[in-house]
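Here you get one chain, nothing else, as structure tokens; it is the form predicted on its own.
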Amino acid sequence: MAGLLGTEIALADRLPRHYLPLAFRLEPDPMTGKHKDMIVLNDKPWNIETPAHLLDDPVTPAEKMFIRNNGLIPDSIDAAGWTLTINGESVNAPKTYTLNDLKKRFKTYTYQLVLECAGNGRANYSPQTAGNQWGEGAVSCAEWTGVRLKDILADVGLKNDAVYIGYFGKDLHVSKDPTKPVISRGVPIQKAMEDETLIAWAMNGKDIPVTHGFPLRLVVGGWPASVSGKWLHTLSVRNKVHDGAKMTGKSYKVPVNPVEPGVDPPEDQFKIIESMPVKSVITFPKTGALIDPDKPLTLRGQAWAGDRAVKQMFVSYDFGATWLPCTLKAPRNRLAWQQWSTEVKLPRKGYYEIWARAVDDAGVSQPMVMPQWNPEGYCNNACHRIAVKGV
């Protein structure tokens, strides 16, 4: 154990039998329920990032799943009395369902779905933009269980002018003023009608954790995670683009036309972010690893591409001068991420950077350094890279 810690364990002879020192414990933090290595960006509201090396699981466990909250978790949650109301200008007549109604009246589906904060990678933009300075880990691919939204909407009955949905949750404004909205976003009706768009009550085979939206959440894979509303109680079917909180202004929008870094165009020159761009992450080894250059270096990670699939995956250890192909697994289902792996042989001892680059099924590749700059710091899908040292 001293070798793993890199230092002597003082009074090691007094360790109780079978006692595991705190440095080696992996239990979730008692306050957040998260792995001890998670990065807390702020705690009011909770915004917690997953380091890249903790994204190695095919299905992201709850303790390694990032948290992006715009408001506070509801003060009280009555799961037994929870209801979902479907209303709006474009429904024939509003309907309300209990949680039990949803579970009994509709067929249940389970999908692995990528949820990624639109601001993932914001810390790597130059010049720096405002907002949570996410690195690479505001992304997850958990397994969600619930009913298809399109089945509920079919039961309610829609008018021909339906173009958008908007969600409403029970999260609280950080001021705790109940009259102030927190976030109420949505997606076009075509996205809402996809098979994988769920009204979910379970994550990874258990009740959704409270921090992730218990007892009911909208889950829309492949688009910014902000459209997957937590603590869901109402869905409004609109005859226009939804205009709820964080749908107006420049929230979750990028410029229509390319802009010079540092330039902030007028609001009418922005568009809503829809499908997230192709991206990948290296999950093994952890950056900073010391390796034996005489042995093959095993590399692996995850790749995803919003509404698309990843078709090819490459790595480079010479700063992008050459690229080596990787083995790429098929997704478990549409909108799930894809695991990749390879082995490389480093030519000699020294410092190396391993870069990862995914290409989607439309032939679109990750940029090596930085994509088109935008003033809100969204959609940075530049190649992820780690540092290793051959010794």
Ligand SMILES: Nc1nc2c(c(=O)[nH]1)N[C@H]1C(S)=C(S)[C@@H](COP(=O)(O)O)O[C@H]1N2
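So that there is no doubt, residue numbering starts at 1 and follows the sequence shown. Nothing here was measured: the structure is a model prediction, and the numbers come from that model.
Heads up, the form predicted in complex with the named molecule isn't pictured, but that's what we're talking about next.
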Have a look at 162 to 170, 189 to 197, 123 to 131, 260 to 268 and name the one stretch with heavy atoms inside 4.5 Å of the named molecule in the model of the complex. 162 to 170
At the 4.5 Å heavy atom threshold, is residue 301 in contact with the named molecule in the model of the complex? no
Non-hydrogen atom contact residue 71 with the named molecule in the model of the complex at 4.5 angstroms: yes
In the model of the complex, residue 280 touching the named molecule (heavy atom, 4.5 Å): no
Residue 90 versus the named molecule, in the model of the complex: is there a non-hydrogen atom within 4.5 Å? no
Is it the case in the model of the complex that 66, 183 and 228 each bring at least one heavy atom within 4.5 Å of the named molecule? yes
Heavy atom within 4.5 Å of the named molecule in the model of the complex, from candidates 313, 142, 117, 219, belongs to 117
Interface residue in the model of the complex among 252, 82, 214, 317, criterion: non-hydrogen atom within 4.5 angstroms of the named molecule: 252
